[in-house]
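In structure tokens, one chain follows: the form predicted on its own.
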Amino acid sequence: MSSSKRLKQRKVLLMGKSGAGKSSMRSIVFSNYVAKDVRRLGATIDVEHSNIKFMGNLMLNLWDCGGQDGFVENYLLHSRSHVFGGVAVLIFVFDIESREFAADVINYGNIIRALEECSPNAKVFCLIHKMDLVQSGFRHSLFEQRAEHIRAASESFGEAVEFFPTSIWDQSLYKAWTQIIYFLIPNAQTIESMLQDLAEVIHAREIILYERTTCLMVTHITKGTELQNPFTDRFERISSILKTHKHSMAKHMGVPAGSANFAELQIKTGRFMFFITRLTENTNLAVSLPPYEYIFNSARVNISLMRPRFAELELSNKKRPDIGSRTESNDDSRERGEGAN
């Protein structure tokens, strides 16, 4: 395989106390489980390794580490360099209802010191999980309180640690994992730059890039009036809707949920037009547009023309190609007064 198409591997540790929900969230995000089905999952024994291809040229080497005391002691004393060496990201999961939170933080501190020793440049994400079990009025304050205690035990990683409240029963899980994946993608800023140019060309109000298998958002471009959109969790909601739709298609087609995909989804109203379509083999693109048919048709054609360039970027680490050619622009049509509904 040529060096330009060689997979970029990233080692990811998924750690936390046994029963915190690590394997459940991994199964929902990467194995197309639904929340009600994770009850049949057993406890993780030692380490479960998963190699997950993501976005064409990214391979996640995910280590789901059992949280029982004996396993953690083995990681720290006997397999320290093996487990904590070469880590790009540590995801540590805290159970919000744990009755041994102080002990959980001490355990976290020991793991942080091992990570600091073996992989000082790693990124740390802390997910305070099972937030659905806390009364809604107390969630924010309890989350902030727990995050403060955990940050104090984060040694040199300190202020760089990112915290997320999560639950398998709502879109908060997708929000957290979206940020984790964004950090891992080697050319995320280049992809964003190309999407920014594409949004200008097609006069999009918003463009959202999703990974096809997991339905996780990779990045988005938001412009104009959409900057004031009050539904700040809309990206994760769409992830959840896409995931549910994939399960429905898989059920009726008799195929695994990970294999079910759709060609295109379109919504047209008097206030906006919206469609989700394939961009590359590994990504879907959601686009929000003004409510004019000529803008809608032009956008679909321009996206089709751009697919080979995004595919090339996805399989390499090259700098972004310029977006030069396009179909007749919306400005050109507007000057002739055509297409308005």
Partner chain sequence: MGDENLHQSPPISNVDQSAQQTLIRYLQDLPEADKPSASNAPSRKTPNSRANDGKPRLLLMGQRRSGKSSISSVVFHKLPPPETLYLETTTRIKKEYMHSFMDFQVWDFPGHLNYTDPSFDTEEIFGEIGALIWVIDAQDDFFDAVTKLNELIQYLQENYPEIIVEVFIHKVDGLSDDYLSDTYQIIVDRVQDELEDSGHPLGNVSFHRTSIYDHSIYEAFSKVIQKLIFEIGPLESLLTTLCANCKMEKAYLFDVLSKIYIASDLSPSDSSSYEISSEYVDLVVDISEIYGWDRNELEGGDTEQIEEDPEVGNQDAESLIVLEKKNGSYLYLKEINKYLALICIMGDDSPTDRKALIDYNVGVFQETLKQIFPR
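Model, not experiment: these values are computed from the prediction. Positions refer to the first chain, counted from 1.
Beyond what is shown, the protein has a form predicted together with its partner chain; the following relates to that form.
- [ ] Please state whether all three residues Arg212, Ile241 and Phe272 have a non-hydrogen atom within 4.5 angstroms of its partner chain in the predicted complex.
- [x] Affirmative, all three are within 4.5 Å.
Open item on the list: To test your reading of this chain, name the stretch in 146-154, 181-189, 128-136, 196-204 whose heavy atoms come within 4.5 Å of its partner chain in the predicted complex.
Closed with: It is 128-136 that comes within 4.5 Å of the partner.
Task: Asn121: touches its partner chain in the predicted complex, heavy atom cutoff 4.5 angstroms - done: Contact with its partner chain, no.
- [ ] Although its partner chain is absent from this view, report whether Met253 comes within 4.5 Å of it in the predicted complex, heavy atoms only.
- [x] Flag for Met253 set to yes.
Open item on the list: With a cut-off of 4.5 Å between heavy atoms, is Lys268 one of the residues that contacts its partner chain in the predicted complex?
Closed with: Judged by the heavy-atom cut-off of 4.5 Å, Lys268 is in contact with its partner chain in the predicted complex.
TODO: Flag Phe54 as yes or no: does it have a non-hydrogen atom within 4.5 angstroms of any non-hydrogen atom of its partner chain in the predicted complex?
DONE: No.
Open item on the list: Please identify the residue among Ile106, Ala160, Leu142, Met249 with any heavy atom within 4.5 Å of its partner chain in the predicted complex.
Closed with: Contact check passes for Met249.
Task: Asn282, Gln68, Asn61, Ser288 - the one with a heavy atom within 4.5 Å of its partner chain in the predicted complex - done: Here the answer is residue option Ser288.
Task: Partner contacts in the predicted complex for 212-248 (non-hydrogen atom within 4.5 angstroms of its partner chain) - done: Heavy-atom contacts within 4.5 Å come from Arg212, Thr225, Glu226, Gln228, Asn229, Pro230, Phe231, Arg234, Arg237, Ile238, Ile241, Leu242, Thr244, His245, Ser248.
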